[in-house]
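A single chain, nothing else alongside it, follows as structure tokens in the form predicted alone.
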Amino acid sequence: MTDTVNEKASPEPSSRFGDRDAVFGDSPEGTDVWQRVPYNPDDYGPVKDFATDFDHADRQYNPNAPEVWKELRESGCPVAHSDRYGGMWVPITHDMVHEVAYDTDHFTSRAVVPAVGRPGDLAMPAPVGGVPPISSDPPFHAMARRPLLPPFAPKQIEPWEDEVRVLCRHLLDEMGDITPGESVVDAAIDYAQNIPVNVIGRMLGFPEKDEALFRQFVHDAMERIDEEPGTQNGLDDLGKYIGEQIEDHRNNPRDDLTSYLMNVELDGNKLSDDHVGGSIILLLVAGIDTTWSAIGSSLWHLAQNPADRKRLIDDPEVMTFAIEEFLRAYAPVTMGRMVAKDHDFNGCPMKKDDWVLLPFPAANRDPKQFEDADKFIIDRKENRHAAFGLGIHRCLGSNLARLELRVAIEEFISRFPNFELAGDTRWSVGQIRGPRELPVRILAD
């Protein structure tokens, strides 16, 4: 296959997991990352009008995102725009998010985190991209995705349930003695954030002592998007760390997901280190941030809705429907695309290399797609939500995410059937929406 040959033929200097320093500039030629317009921190202040100045890194966006989406829809703005990040478009309705997600001719997945910098010529090119398969375009995408399907198949994920349950109970035990009506725990920091970090780290065969480092990597990759390229040293650390892990696995092979990726074959050839490392970054960042955000948002909802807590406790079978409604109503993931070529999108004059944000959570709140879209209905029967994405990049880790979300909620409400918010919730910044701090007061049963 030509695409496989292209991947193998990438020049050595493009490797992101060696000692070469990244090259930054103001054009794609000869750079890893380039800026379309000169960086000015004043361009990234508070948003006054999300219709014409959208910014997913605005600190008030994630706490108020459902209200932002609703206001845009009702004002007749199905596609927001921004000059920030060198130009960005944001479709809000389900139909338009769907249209972009399925249009792989006009929209490339080469970069999926809209930020100040764009990938230059020295970065992994299309159709492979930096974090395959989510950064890959057809036809290579299907090839890059296929090797990752077996490790995340239901039969491979189901045995993890007991492990996840033990982990959740341990985290709850670690909260210490609880005095109902007085004790306050942080359901995000002390609980939700630790679950996927531990699970994906163990799946990859990475040291448990590095879990705090993983959380920092997530912050650097997903929340520092409005900073000038080249100032985010943490991302360099991530590349070096992954390179060290690959080398350690090469010297000390074992039965884990990293060794699997290093030995699996694509069109008769083993994956390059860039491909392996990129896929690991995808699994590490996406597998951690998305799931802890979903768990935290679900507990945030339950802290304010005692009737839903009681329903889950009194009728455990409703959990099947509740999980899908948590995912629909509090979908954590917004994905990104780049415009592949000049394109008129429903009257929007999109130009090559413009960013496009795909807010799947906004699509899930579209009243034309869901009845009572802004209402959480714990036993909603018809629920074809887009929490795991639309199109070719639908989340391959959905089985694991559902398992972790279900077990985390079950164990928390079993231990603490009654709890309430006990302070301000601090929400994430950027494309993954979820609580970063979630203080809750444990109440008497």
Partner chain sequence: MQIYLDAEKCQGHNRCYALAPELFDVDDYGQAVLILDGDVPAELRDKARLAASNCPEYAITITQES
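Keep in mind it's a predicted model, so treat the numbers as computed, not measured. Residue numbers count along the first chain shown, from 1.
Below, we turn to the form predicted together with its partner chain, even though it does not appear here.
In the model of the complex, which of the listed residues (166, 178, 212, 153) lies with a heavy atom within 4.5 Å of its partner chain?
Checked against the cut-off, the match is 153.
The unique member of 272, 259, 369, 198 whose heavy atoms fall within 4.5 Å of its partner chain in the model of the complex:
Result of the distance check: 369.
Look at the candidate spot formed by 61, 115 and 224 and say whether its partner chain comes within 4.5 Å of a heavy atom in all three of them in the model of the complex.
Negative, none of the three is within 4.5 Å.
Counting only heavy atoms and a 4.5 Å cutoff, which of 79 to 87, 334 to 342, 144 to 152, 183 to 191 contacts its partner chain in the model of the complex?
Flagged stretch: 144 to 152.
Wondering, does residue 324 line up within 4.5 Å of its partner chain in the model of the complex on heavy atoms?
Contact with its partner chain, yes.
Closest heavy atom of residue 244 to its partner chain in the model of the complex, within 4.5 Å or not?
Taking the distances in the model of the complex, the answer for residue 244 is no, it never comes within 4.5 Å of its partner chain.
Wondering, does residue 47 line up within 4.5 Å of its partner chain in the model of the complex on heavy atoms?
It does not: once its partner chain is placed as it appears in the model of the complex, residue 47 has no heavy atom within 4.5 Å of it.
At the 4.5 Å heavy atom threshold, is residue 158 in contact with its partner chain in the model of the complex?
Yes, contact at 4.5 Å.
With the partner left out here, which residues of 76 to 107 have a non-hydrogen atom within 4.5 Å of its partner chain in the model of the complex?
Result: 102 alone.
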